[in-house]
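Okay, here we've got a single chain as structure tokens, the form predicted alone, with questions on binding and movement later.
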Amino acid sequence: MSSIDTTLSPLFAKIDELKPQFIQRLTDAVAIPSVSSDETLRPKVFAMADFLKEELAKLGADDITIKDLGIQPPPVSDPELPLPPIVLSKFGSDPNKKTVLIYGHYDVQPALLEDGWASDPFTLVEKDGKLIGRGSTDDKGPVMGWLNSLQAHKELGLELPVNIVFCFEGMEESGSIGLDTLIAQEAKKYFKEVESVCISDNYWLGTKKPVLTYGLRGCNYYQISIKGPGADLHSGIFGGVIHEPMTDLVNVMSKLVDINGNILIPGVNEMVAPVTEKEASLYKDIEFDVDELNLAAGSNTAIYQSKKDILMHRWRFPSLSLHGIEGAFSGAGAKTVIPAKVVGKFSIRTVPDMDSKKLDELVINFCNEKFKELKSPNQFTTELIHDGAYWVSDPFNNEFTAAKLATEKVWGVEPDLTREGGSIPITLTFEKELGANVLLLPMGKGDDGAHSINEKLNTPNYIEGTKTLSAYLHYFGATK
């Protein structure tokens, strides 16, 4: 038995012993409705920051620093709306140890009982081996998991194998406003000693096998605006005699992507990096089948029927999705209005080696060209709303090797190496600003329903996940 195994055995036993306290900690966290997108709940987001500060103090933090980010920029209802702070904290400063930055967020998505929840979303319910409540898996469960690990070490009198720097934000669900700037400002200050970053804000691919995530798609979000008449008009009077903005918009948006998900904008697919033999081999043993996709989608509507095709089109090929139309009639009934102005929204998930600026140019030029072909007198614009770059790491570096050993130790199985179709833009910011490797080490399962009703974290994932995070610190601390 190795020295790490000797250390982990009593640590795991202590984590099992503390399970009721750990569930209570998550219960207390979920009870705070820290919804960052709801201005009326902004005081609750601040309350969650205070909760973290108190927990970190109880656990013996060497330092706790609360970073004020100022006032939230428009669009906001309250021009004096304060941004939630970044909670920074340090445990240990031994120059002979590695220093790991752990990132998490303490804000959550909106949730109302009337949305279809089976119970109050802000009251954690333990049922059938699941911890149900808003934020249980995204991201309060993983954040509490790190605090749980600290408590287990503290109660055992066990020294941490690495120095830890925590960075917890309260605006992740609302664009992480202010975080990029803070990371750049603190790169040579609070984060000066950081060598590695660990993020637990994603999920297993499915429900059966743990994973380590080494890649994320980026996201460029666009909107098309078409303005025609000076006000909404009656279709009985103006229908058939004016150029309608909605008709123009539907025409242009229909040219962006086909029914099989193929992007129709010339030049986009040509930027995508070719699949290498080594990369293709990683898909062979991944635990996944089309039934899991259909189950997650709630329908049998998959475009692809093979595991490799599904995963590649989710992870390493770009996709274009149409998201909505602003300004159009969308209520019940049969309102016969011609909207004066409509705005269509769509995004492209980006992958290596797509250049964001080049993509913007291709998209805007294509949309302008398709509108021009309509010969409509309406006013037309296409613009980028926001972008976030893709990220890919080396799944065989020290961080991933340590995480693989930790996962095997706890779960008894070698984790799958996966990428994800979604975006966590801050991953790339940490990597670039700190010059550090980033590891995505998920706690929850693929069916947790992070932004949906009845969000949950399986109780074993919470407890065994705490063990996995703990073991990771020990294995990584031992790397040369």
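Computed from a predicted model, the values in this text were never measured in an experiment. When you see a residue number, it is the position in the sequence shown, counting from 1.
Heads up, the form predicted in complex with a further copy of the same chain isn't pictured, but that's what we're talking about next.
- Checking Leu293, Ile224, Ile102, Ile86 against a further copy of the same chain in the predicted complex, a heavy atom within 4.5 Å turns up for just one residue: Leu293.
- Checking Thr301, Ser281, Asn96, Ser77 for any heavy atom within 4.5 Å of a further copy of the same chain in the predicted complex turns up a single hit: Thr301.
- Listed stretches are 173-181, 136-144, 334-342, 77-85; the contact stretch with a further copy of the same chain in the predicted complex is 334-342, by a heavy atom cutoff of 4.5 Å.
- Of the heavy atoms in Gly421, some are within 4.5 Å of a further copy of the same chain in the predicted complex.
- In the predicted complex, none of the heavy atoms of His153 sits within 4.5 Å of a heavy atom of a further copy of the same chain.
- Contact check for Gly240: a non-hydrogen atom falls within 4.5 Å of a further copy of the same chain in the predicted complex.
- Heavy atoms of Ser347 reach within 4.5 Å of a further copy of the same chain in the predicted complex, making it an interface residue.
- Every residue in the set Ser319, His323 and Glu326 has a non-hydrogen atom no more than 4.5 Å from a further copy of the same chain in the predicted complex.
- Within 4.5 angstroms of a further copy of the same chain in the predicted complex, the stretch 201-228 places a non-hydrogen atom from each of Arg217, Cys219, Tyr221, Gly228, taken in sequence order.
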